[in-house]
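The chain below stands alone and is given as structure tokens, in the form predicted on its own.
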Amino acid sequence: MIRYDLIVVGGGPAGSTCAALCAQQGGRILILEAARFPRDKVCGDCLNPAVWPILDRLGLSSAVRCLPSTIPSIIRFSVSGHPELEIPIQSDRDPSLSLEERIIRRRDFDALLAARACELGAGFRDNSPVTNLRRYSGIWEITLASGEKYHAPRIIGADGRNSVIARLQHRYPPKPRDARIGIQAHIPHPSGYDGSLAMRIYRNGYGGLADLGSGMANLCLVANKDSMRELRLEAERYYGISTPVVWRSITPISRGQAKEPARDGIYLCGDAARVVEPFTGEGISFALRSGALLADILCTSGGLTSPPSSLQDRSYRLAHAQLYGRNLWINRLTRFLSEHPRIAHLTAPLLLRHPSLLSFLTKKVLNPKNSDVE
């Protein structure tokens, strides 16, 4: 029997952060990742300023800044049929704080996090999808597609919005509430593109364009499923994309919140527990923060060497609700507008006519004080 103190399913930002911090405290940790690393993900590739305190804890801030990336100084908002509006996002921030918004490719960022977890003592297995989960005598047994089995008293599901762990534990509502789909492509810089972070509301959905550096950009689009083809064509016309590109897709964009992020030694973090609307670029931030939050609770309230307890479960449920409950009102608003593109297309021009309001909303999202982990 191969037994660990903790098995983390999912090697993305939430899982690798939690695994790294638990391994740092001496726990015997294993990360199981379904994909083969490094791998791209459908993501806006934006690091919100709130990530830096956690990257400092991991000892990764300098390494992250050495990866290919860009620091946008402007967000350009636009609505089809209306003039653009530019909002500065760096000029009023104290440069000595080094809490910048940064655009970085997920394959590079996630690989760095996983490598750090390994450096701190965690084991890592990619290309290892989980197929079954069962419990006996207080120990969880995980079975891989290969037939291999691993055991631990605690399991963390950090495997995204379609989490295998959450589904095997029946933690999701019966049906996804979201009828939207997201697609992403890495494209050469469009003609005339100056590297700004661009957010655009189209007639059939919304999209973002972010500069990855080296002449490449990340183009993400979100629409209701029956409108995605029209949105893709609309964006390709707008950016002058005339050659075929590789689009990756993900659905649903969101889903109902997991019923219980902690129960019986099974914990959910990142998108597996609660999905954040992608338009505001806070998904990676909340993934890192929820992973760090869970690690702190597991390592302090009884520790990883003691059996799972109702105290740990209750502590994480309360702290998780507090983390997500503080700063998501803008995120909820953008979700409503993205689910109703006609309403968004009618109301967005009002925001463009009031730059101070749009600037206020932007600063709320990009406020580094939104981090809850010191």
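Keep in mind it's a predicted model, so treat the numbers as computed, not measured. Counting begins at 1, following the sequence as shown.
The same protein has a further form, the form predicted in complex with a small molecule, not shown here; the description that follows concerns it.
- Among the residues R317, R39, R57, H345, the one placing a heavy atom within 4.5 Å of the small molecule in the predicted bound form is R39.
- Of the residues given (I253, V79, L298, A292), I253 alone sits with a heavy atom within 4.5 Å of the small molecule in the predicted bound form.
- Using a 4.5 Å cutoff between non-hydrogen atoms, V9 counts as a contact of the small molecule in the predicted bound form.
- For G207, no non-hydrogen atom is located within 4.5 Å of the small molecule in the predicted bound form, even though that partner is not displayed.
- Taking non-hydrogen atoms only, R203 never approaches the small molecule to within 4.5 angstroms in the predicted bound form.
- The closest heavy atom approach of I89 to the small molecule in the predicted bound form falls outside 4.5 Å.
- This chain is displayed without the small molecule, yet in the predicted bound form the stretch 27-35 from 62-70, 27-35, 345-353, 302-310 comes within 4.5 Å of it by heavy atoms.
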